[in-house]
Structure formats: C-alpha cells, structure tokens
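Shown below, as structure tokens, is a lone chain in the form predicted on its own; questions about how it binds or moves come after it.
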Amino acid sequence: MNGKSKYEMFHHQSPWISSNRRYCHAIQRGVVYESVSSDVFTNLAFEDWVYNNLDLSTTNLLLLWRNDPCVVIGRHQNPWAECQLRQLWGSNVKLARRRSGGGTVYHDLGNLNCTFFTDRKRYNRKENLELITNALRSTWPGLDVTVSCRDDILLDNFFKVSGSSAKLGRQIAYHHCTLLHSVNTPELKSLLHSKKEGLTNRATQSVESAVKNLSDVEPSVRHSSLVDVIAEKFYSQYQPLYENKVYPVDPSSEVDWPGVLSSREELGSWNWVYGKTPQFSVQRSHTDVSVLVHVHHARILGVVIQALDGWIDTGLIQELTGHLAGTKFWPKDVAEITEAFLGAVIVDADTRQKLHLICKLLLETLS
C-alpha cells in the first residue's frame, strides 16, 4: 500500500468522501450517490455507515435509493399499531425499523428516497424539500407541488407525495424523504394504518394522509428522470465534488464500507425490528372473559385475565400467565406455550372449552 491508508488510496482513486476525518482537507461542496441495491436493510445500513464514518464538514452528500416492497417504521414506533401485521407476514413485503424518528411509510420501486447528509450546522430540511419541489416544477410545470408546514410535499395542496424524518448528531445530520411517483397505492393503503382495536400505545403514532403518485398527473415522471432532475438541481446549488454526475454505489461492499454488513444484520434482526417497540397493551374480549396483555420490547410483561367470580379456577389462570411472562410477543412463541399448556392440563370438558377460548383471545392480540 506504499505506506498510505486504504482510505487515502480510495479517496484519491475515486470520487468518494474520506471516511476518516483526519484525511479530508479538500474544500469540495457536493456529491450525489445512487445505491445499486434495492434491499431496505442494506440501504438503511449504508445510511448508518455514512452518518458514522464520513467527514461532511465541507461536503454535502445526496444519496438516492429505492427498495423492494417494504414497510418502514420510525425508530420509536410500534409495528402492531402501525400496520396490518398478519397481512404483511403472509406477503413478500418486509418490515424494517429505521434509525430516524417519524412515521410509517410504504416503499417499493415506485418510490424514490432522498437522503441529504450535511454537517449539523448546515442542516436545513426546508431547503432540501424546496430543492426537490423546484426540480419537479422546473421539469414538469403541470405538477403543483408545495412544502407543507409539516414538512411534507403535497400535490395539488392536498395529496401527500413525500414525508420526511431526520437524525441529528453532534457533527453530522441527515434528512431523508420519500417521493411517490408510481408506488402500488392499493398495497400501501391495505398495509398501513391498522387502527388496532383494544391497543393502548405510548409509541409515536403516524398521521394518516391521502396519497397520490406524481405519474398520475404527469405520466412521463419515472425513476430515472427523477434521479436526473434532482441531481441536476442539487449540483446547481452545490459545487460538484468532482464531476457533475450521479455516482452508483454498492452499499453492501465490505471493502468500500467496512462494517456495513454487521449494521445490516442488526437492522434486519428481530431484536431491532420488533424488539425496540415501546411499551404497549392490547386487549381482546368475549362475552364472559377479557384478556389484557402488557408488552415491552416485544416481550410479554404480564397477562391479566378478567372473568366473573367462579367462571374458572384462578390457579389455572395463574399457571398459564406464569408461563407467558417474559415470552416473545410472537405468534409462534405464544402458540407453543398455549398448546403445551392445553396438552398438559387435566380438566373437565367445560373448563377445557374455557381455556381454549382464553388461548384463542391471547393469539388474537398478536396481529
């Protein structure tokens, strides 16, 4: 390596920003990357890698990316409250939890994600959104797009085509937003906003909005054209780092982005996607009995079963709820415990029927 670090060699050979703050002294202004991956966990991991490793003290970075069908919840959200989990589990749609806050969104290849990375002092969400709307209006004058007071991009001052969230650190910040151009809106509407009955929730809740695709108004709007016009507007605002072009990046390259795959593994894990869920409770009731489950970090804190005095032996209830405490709040895990309990307990037919009802209500709380 002739005594040079791999970061210095990589920086001199390619138009990348240095990944070590000691090595980046050149004064450049802007660069646009486009991810070649459509895997949500890989793209989120790359966002995380850029945030934690690149020196952006003198450079603005715009990352453009899109994903195969997935639902992405905010860092502090509850998937049981935000989407139709049973339907999602039975489909090819993935569920992901991002590092930033904000609400739940649906992604597919008909949605373009834009992530603006800057030095914390230069963070300006409104400026980023105005850049996008200006790019859209200058290319497609028929698109009436504006930035709302909630930092959404609205079409015809009503339909939401873009939502935003952000992560702010001491030195680096990023703002990312969606841009719906030809997304599968029936699937979006069927998967989001579950309005789960009987759920008491402390997590951040999404705000439901009417949505529309840009291509519904301007059929010529395509992913490739959006990438071109947004990159062009970005470079008109920021001096190019090297060339005025969009640089394709492979966000799964461990050679270029050391450690990115371990971040992807974490972001795709059950412990992150479900296990970071804030505390909540969910209740299901029948004529004679009510089941209330308290959950924290997707594990059962406790189960309260209420019924009329004498309806069922309280010792049986205590035994069942004791088995459930600490268990993953997950269909397979809860089903295994309830099935094992029902298989082992020796009771009369009437009591067994009541226990089956309780276990059925328990499983209904899960989706």
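This structure is a prediction, so every number in the text was calculated from the model and none was measured. Heads up: residue numbers just count along the shown sequence, starting at 1.
Same protein, other form: the form predicted together with a small molecule, not shown, and the subject of what follows.
Here the marked residues Gly103, Asn111 and Val207 all reach the small molecule in the predicted bound form, each with a heavy atom within 4.5 angstroms.
Within this chain, Leu241 is remote from the site of the small molecule in the predicted bound form, having no heavy atom within 4.5 Å. The closest non-hydrogen atom of Arg98 lies within 4.5 Å of the small molecule in the predicted bound form.
The small molecule in the predicted bound form is approached by Leu180, whose closest heavy atom lies within 4.5 angstroms of it. Although the partner is absent here, Pro79 lies well away from the small molecule in the predicted bound form, with no heavy atom inside 4.5 Å. Only one of Lys121, Arg170, Lys126, Arg150 lies close to the small molecule in the predicted bound form, with a heavy atom inside 4.5 Å, and it is Arg150. A single residue from the set Ser252, Ser164, Asn201, Thr133 has any heavy atom within 4.5 angstroms of the small molecule in the predicted bound form; that residue is Ser164.
Of the stretches 261 to 269, 288 to 296, 85 to 93, 207 to 215, only 207 to 215 has residues with a heavy atom within 4.5 Å of the small molecule in the predicted bound form.
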